[in-house]
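Heads up, the chain below is alone and in the form predicted alone; it's given as structure tokens.
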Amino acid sequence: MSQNRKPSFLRSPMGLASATVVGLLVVLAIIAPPLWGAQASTPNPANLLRGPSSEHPLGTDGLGRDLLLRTLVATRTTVGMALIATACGAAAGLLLGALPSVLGARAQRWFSAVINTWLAFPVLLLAMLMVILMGTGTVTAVVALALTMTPSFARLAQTLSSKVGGSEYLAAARLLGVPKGRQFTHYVLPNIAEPIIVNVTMSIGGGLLALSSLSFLGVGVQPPSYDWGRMLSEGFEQVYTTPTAVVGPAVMVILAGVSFGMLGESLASFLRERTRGRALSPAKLGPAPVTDPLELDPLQEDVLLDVKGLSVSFPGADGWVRPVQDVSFTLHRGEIVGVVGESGSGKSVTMMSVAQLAPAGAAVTAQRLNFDGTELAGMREQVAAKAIGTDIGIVFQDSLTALNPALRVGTQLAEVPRVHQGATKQEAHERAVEALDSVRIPNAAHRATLFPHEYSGGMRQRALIAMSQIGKPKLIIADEPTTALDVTVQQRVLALLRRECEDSGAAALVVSHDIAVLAELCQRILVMYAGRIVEDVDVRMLAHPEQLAHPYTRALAASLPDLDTDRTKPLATIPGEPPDLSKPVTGCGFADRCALASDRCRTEVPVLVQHRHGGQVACFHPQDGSSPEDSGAAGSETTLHEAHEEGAVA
């Protein structure tokens, strides 16, 4: 996004139009009564029930008062009542719905019961009750509307604050002795403010319509005061003789109600856009980048997945952003391959694109994307997903969000055989129980009836592995399957994944930022950096870091401590930061952090070529003294150790 251009909801036509109309209404509410209030309220017997004229564009009423001026002056009363009622309802709703989050479980139960009872009370009966207790009038209408708005605001605040109430930062505030009032104002309210503000804006329009309806029915504003609803009621008596008597207030009611609603929608859209970032419009963005076609080698028979030139682009504020560029690799049947790299290197995006699960808005291109003999490159997403069917299973990173919290685990596993294999409900349930049992979940029949939150983290991860296997896939993609698990559970999950692949003959792509995890599970490692694969190496090479070719791979291996590591020395790290992939990267992405980088590294992109360790490397300065084909780089014989000895900056 351009640094001098900030997103604004006024850039959208709907936002600009609604904000303009609302602004004009506010201006009218301020200036109309002092300018035309006396003239609009003074009877003129000489102009009784006159039709439209140049002097009175909308005519006059039964007392000779100008209807246009009365409509303009009534803006203050109508809009002011709606603002006051909505503000009171929102304030009461916030206290009723959000305050219990800092008062404890008992208060939450009591307040929840009050909200539920209040919501069940009919709105019309509540309005009638207020009229009986307080009599007709402006105050009655405002109070009645505020009381009808309060429970809806309370339910929204209750839903939003429930997540904040269970947060760790609020628990820390309680532990530190922060007063409950400050917890409410500084911890709860700021975290639920945005949706509340949007809802308030939209509710003003609805409140305005409701108040006008009450005045029209005679239980709202009473003479000599008037609002748009009261003017509609008075003008309705002469609508057949002077139709323009209702035009002014009717148009204003509709215009104001729609404008406040549109303003709320525009504000909501702006907040969503600000959260996910702003992108150029499709017209300015232009077509997505394409991958240049090249002459490719024929497919090998034992290759399950062949990827050539895979790139993934996203729309951005300054054009297309390509965080994954020219990724190429192969996966053989039954092979387990790891994908390692720092956060933001493009690992997960690459693997999800292979599975036809690229994020919304992404443009995926490839010279070849062949899975089990089916060419997916250039195929529409829906057609490609249907062609894959259940042949690819996914183990997602966050097991708690990957499982539907509203469905029992067994029900979710049973969906695969029911939807894709035509199994009956009973057969699908039995398959689900068998799948849970196969991943060593104890008492699988009972566990299948539980919800995801009733599982431990390791058990949820095993359930995801069972879900990925229930369709008998040929490929399993595991996206950081051991994240947030302790070492013991990690070992069990990895062993389970390996056993499932061995039993079913499925291949696997395992994504992780921890090279030690992949070293225990995989046969081959794909090392990614800055959206590209920089090395494809046999996992056994990790035991001999001196045989690794790419400086980044060596640095990752060197950062792993073992029992022989000298504890008196600091752990090896990789200084610097990965490049910002939202901007074009020139040359090798690792050049700024590499001790061996030359001018060529900063201007040319190295490509994957065969290397003497049996794999592939994309580097102009391989670390074992050899040089990739066509590198021609001077000084390629320099080793990483020698570079550091010479004082180079890593």
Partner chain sequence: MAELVVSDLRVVFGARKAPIVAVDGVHLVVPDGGVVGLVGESGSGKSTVARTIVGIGAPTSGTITLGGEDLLARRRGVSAVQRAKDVQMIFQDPYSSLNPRMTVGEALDEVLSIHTETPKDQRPASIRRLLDLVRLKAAAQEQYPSEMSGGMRQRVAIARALAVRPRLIVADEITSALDASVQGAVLNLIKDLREELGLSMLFITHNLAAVRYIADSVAVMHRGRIVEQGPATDVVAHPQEAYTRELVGAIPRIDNAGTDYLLRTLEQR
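Residue numbers count along the first chain shown, from 1. No experiment lies behind these values; they were computed from the predicted model shown.
Beyond the structure shown, there is the form predicted together with the partner chain, which is absent from this document and is the topic of what follows.
Quick one: of I197, A385, A91, V178, which gets a non-hydrogen atom within 4.5 angstroms of the partner chain in the model of the complex? The residue in contact is V178.
Single option in R155, R540, K472, R418 placed near the partner chain in the model of the complex, where near means a heavy atom within 4.5 Å: Looking at the other structure, the residue within range turns out to be R540.
Candidate stretches 398-406, 67-75, 316-324, 541-549, one within 4.5 Å of the partner chain in the model of the complex by heavy atom: Answer to the contact question: 541-549.
Interface membership of L124, the partner chain in the model of the complex, 4.5 Å heavy atom rule: No - in the model of the complex, heavy atoms of L124 and the partner chain never come within 4.5 Å of each other.
May I ask you to state whether E375 is within 4.5 Å of the partner chain in the model of the complex, using heavy atom distances? E375: no contact with the partner chain in the model of the complex.
With heavy atoms only and a cut-off of 4.5 Å, decide whether L563 touches the partner chain in the model of the complex. Output for L563 is yes: heavy atoms within 4.5 Å of the partner chain.
For Y187, is any heavy atom within 4.5 Å of the partner chain in the model of the complex, or not? It does: once the partner chain is placed as it appears in the model of the complex, Y187 has a heavy atom within 4.5 Å of it.
Residues of stretch 337-353 in contact with the partner chain in the model of the complex (4.5 Å, non-hydrogen atom): Sequence-ordered list: E342, S343.
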